[in-house]
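A single chain comes next, written as C-alpha cells; it is the form predicted on its own.
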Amino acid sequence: MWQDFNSYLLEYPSLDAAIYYFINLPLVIQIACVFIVIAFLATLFAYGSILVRRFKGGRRDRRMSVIIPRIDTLLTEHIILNEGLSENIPIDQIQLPLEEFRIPLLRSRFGKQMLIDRIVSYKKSFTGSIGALLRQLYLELELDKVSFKKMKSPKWNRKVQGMIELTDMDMSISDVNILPLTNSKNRELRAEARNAYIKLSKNEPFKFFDIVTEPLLMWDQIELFKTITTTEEISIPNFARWVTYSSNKSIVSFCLKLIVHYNQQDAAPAVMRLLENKDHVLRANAINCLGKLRYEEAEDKLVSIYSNQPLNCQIEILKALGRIDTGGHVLFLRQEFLHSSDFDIRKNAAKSLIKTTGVSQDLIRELIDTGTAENKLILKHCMNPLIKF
C-alpha cells in the first residue's frame, strides 16, 4: 500500500494525495484527525475573537478618554454654571450655545451616543432647573430623534436603549410605538416597555394590563411595583377592574398586591368574588388581601369556607382573622390551635389569638398552663413582640 501511495504522491503532489492518504487511514485515526482540525480551528477563532474584542475595546476607551472630558467641560460650563440659572431666567428663554456641542468630535454616531449618555447621567444627578436645562439641550440638539430612531431598530437591545434614554429624559412616547412592546416575547424588552409605559403615560399608565398574555414573573412584579410606587404624579386606577375581568392570573395576583398597598377598600367586594375561584393560589392571595385590608365583612365568609380549603388557604384565613381583629372568632382560633394536627395551622392560629385585642390574658395563660410542651413553645414564640405577623 505504501509503495502505491508513494508512487501516487510522486505522480500527483497535491491535495489529492493528502485526501488519498486520509481515506486509507483507519477509521479511529480519521475521527481523531477531524477532531484535531476542529479544535485547532476553534482555538484560532477564539483567539481571533479575543484579539478583535480587545482591539475594539482599546480603541473605544481611547476615544472615550478624549470625548468624555470634553463633554463634561461643555456641560459644566454651559449647563451647570449657566448664568441664566443664577439670574432666575425661565428655562425656555435661556439661549444655549448649541454650536459648542456640534464640534466635529461629537458629530459622529459614537460621539452623539457619548453625549446622550452623559446628558442622561447628569439628568439623573441633577433635578430642578439644571435637570430642565439638560432636557432642553437634549431637545435642541435633536438627540431625541436619535433615541426614537433606536426604538424602530429590529434589534431588541437597541429598542431597550432608546426607551431607557427617552424615559430618563421625560420624553413622551405614543401608545402606538410602545404598547405593542409591552407584550413582546423578549423578556427584557417587555419589562422595559412596561416600566417606560407606566412612567410616560399620563392618562392610562396601566393600559397594558388589558393586553398582557405573558405571565408577570416575580422579578417583573418587583420591578413594576418599584416603578409604580416611586413614579410621581402617576394616575392610580381602581385595580378591582383587573381583579374582576382579567384572565391573566399573574395580573390579578399583582393587582391584589397593589390594592393592599394603596388600601383600596372599595375593591374589597371584587376581591371577595375571588373566593369562588377554582385556582387555590389566587384564592390564597385574595384571602391575604382581605386580611391586610382588614375587611370585616369577609370574616364570617372566611370561617364558613375554611374546612373546604387546602392548607395554604387555611393558613391565610387564620392570618386574616388576626389582621381583621374583631374578636368574633376567638373560639374558632382556639379550636384550631388545640386540635389541629398540622404545625403551621397551630402556629398561625396562635399568632392570631395573640394578636386579637379581644382575647383576655387569662385565656392565653390557660392555654400555656394546660397545653403540651410544643404548644407552650408556640405560644411563647408568638408572644415575642419582635416576631412579625
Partner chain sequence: MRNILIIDDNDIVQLVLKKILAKEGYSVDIAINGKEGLARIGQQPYDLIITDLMMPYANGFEIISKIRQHPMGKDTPIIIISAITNEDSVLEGFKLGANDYLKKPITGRELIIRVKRLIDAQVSRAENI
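Residue numbers count along the first chain shown, from 1. These numbers were taken from a predicted model, which means no experiment stands behind them.
The following text describes the form predicted together with its partner chain, which does not appear among the structures shown.
- Every residue of the trio Thr76, Leu81 and Leu85 has some heavy atom no more than 4.5 Å from its partner chain in the predicted bound form.
- Of the residues given (Glu204, Asp72, Asp144, Asp220), Asp72 alone sits with a heavy atom within 4.5 Å of its partner chain in the predicted bound form.
- Proximity to its partner chain in the predicted bound form, defined as a heavy atom within 4.5 Å, holds among Lys159, Lys319, Arg283, Lys123 only for Lys123.
- Note on the interface: of 269-277, 115-123, 98-106, 176-184, the segment with non-hydrogen atoms within 4.5 angstroms of its partner chain in the predicted bound form is 115-123.
- Within this chain, Thr127 lines the site of its partner chain in the predicted bound form, having a heavy atom no more than 4.5 Å away.
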